[in-house]
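Okay, here we've got a single chain as structure tokens, the form predicted alone, with questions on binding and movement later.
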């Protein structure tokens, strides 16, 4: 069986987290404090201490995964523990609170912990689902290989266009230059919207030229399909136009795969822009929470 952070060492950390959660829940249900359950009872302090230590341990994963020479466990083992113990920490923190919330720093710390856990769950889903989808989209190709193949298609198209007319050569050269390759900022990558354009009417009067959307190469394909060579046109020219249509279709497929793969990669990165800052905010709120508790104990 393939070993990932989900089933690492036969679900070692999943079992540890499950047993710890079960013991914590049973202890909470059997406890009969003189006051309503809250963070100020002996069990509340115990669970709070455990939850705080777990949060600190989970935060150390960010250091461990960048310590390539570290011999303290494996990166995949740390990730597995990070995922499962993070879920257990949320349950323990919830029981620590005794379900008492208010407008204070203690509740802020708990809300931040919930947000960190939710963003972590999204990260788990992304890293389990997206790499397979990315592999399906691109096969064995990398982005650089996509770009190389697209460039080769453009080069072949220009060579064929030269055998037809200068206007056709200009049309395809402009189309290649204005092709959107799916780069840009993170928001553009997430939208995965093809913003390619095509300048039509090249060689005509300036007022008759128009810039139109060429998303998925539709405008170029439509323009090529509408070409009606005259009777005097050679079979070579007719064959060249047909070949241009095939090359445009192949380019459209590659561009779609490239944009989809870029979108998946952006989705894998974006959760870190939420998860890491939320973790830092949680650590700050946790410190304030602990200090406040000891000051007013």
Partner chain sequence: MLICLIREIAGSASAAHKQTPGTVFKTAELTIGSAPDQYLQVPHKEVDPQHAVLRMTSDGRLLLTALGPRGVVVNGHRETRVVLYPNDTLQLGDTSVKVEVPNGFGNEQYTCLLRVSDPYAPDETSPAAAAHTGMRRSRFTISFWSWTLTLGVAVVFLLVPMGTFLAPSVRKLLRSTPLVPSDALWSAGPLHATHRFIGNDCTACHVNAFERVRNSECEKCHDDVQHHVDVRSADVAVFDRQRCAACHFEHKEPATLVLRDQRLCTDCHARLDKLKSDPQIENAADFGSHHPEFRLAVLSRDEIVAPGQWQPQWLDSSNAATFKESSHLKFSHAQHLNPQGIKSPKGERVLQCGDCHRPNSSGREMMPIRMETQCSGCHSLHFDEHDPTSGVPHGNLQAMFRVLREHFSRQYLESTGPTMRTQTDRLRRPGQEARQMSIDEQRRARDWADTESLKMARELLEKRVCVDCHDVTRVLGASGFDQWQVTPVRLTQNWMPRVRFNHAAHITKPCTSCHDTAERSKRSSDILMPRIAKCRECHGDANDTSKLSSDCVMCHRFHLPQRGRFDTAALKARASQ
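Between two forms, the rigid core is defined as the largest C-alpha subset superposing within 1.5 Å. Positions refer to the first chain, counted from 1. Since we're looking at a predicted model, the values are computed, not measured.
Not pictured, yet referred to below: the form predicted together with its partner chain.
- A residue is said to contact a partner when one of its heavy atoms sits within 4.5 Å of a partner heavy atom; residue 106 meets this definition for its partner chain in the model of the complex.
- Not displayed here, its partner chain is approached by residue 278 to within 4.5 Å at the level of heavy atoms in the model of the complex.
- Interface membership of residue 17, defined by any non-hydrogen atom within 4.5 Å of its partner chain in the model of the complex, is ruled out.
- In the model of the complex, at least one heavy atom of residue 262 sits within 4.5 Å of its partner chain.
- Taking a 4.5 Å heavy atom cutoff to its partner chain in the model of the complex, the contact residue among 121, 221, 227, 211 is 211.
- Residue in contact with its partner chain in the model of the complex (any heavy atom within 4.5 Å), chosen from 272, 253, 53, 29: 272.
- Looking at 149-164, the residues that come within 4.5 Å of its partner chain in the model of the complex, counting any heavy atom, are 150, 151, 154, 155, 158, 162.
- After superposition on the rigid core, displacement of the C-alpha of residue 173 between the shown form and the other one amounts to 2 Å or more.
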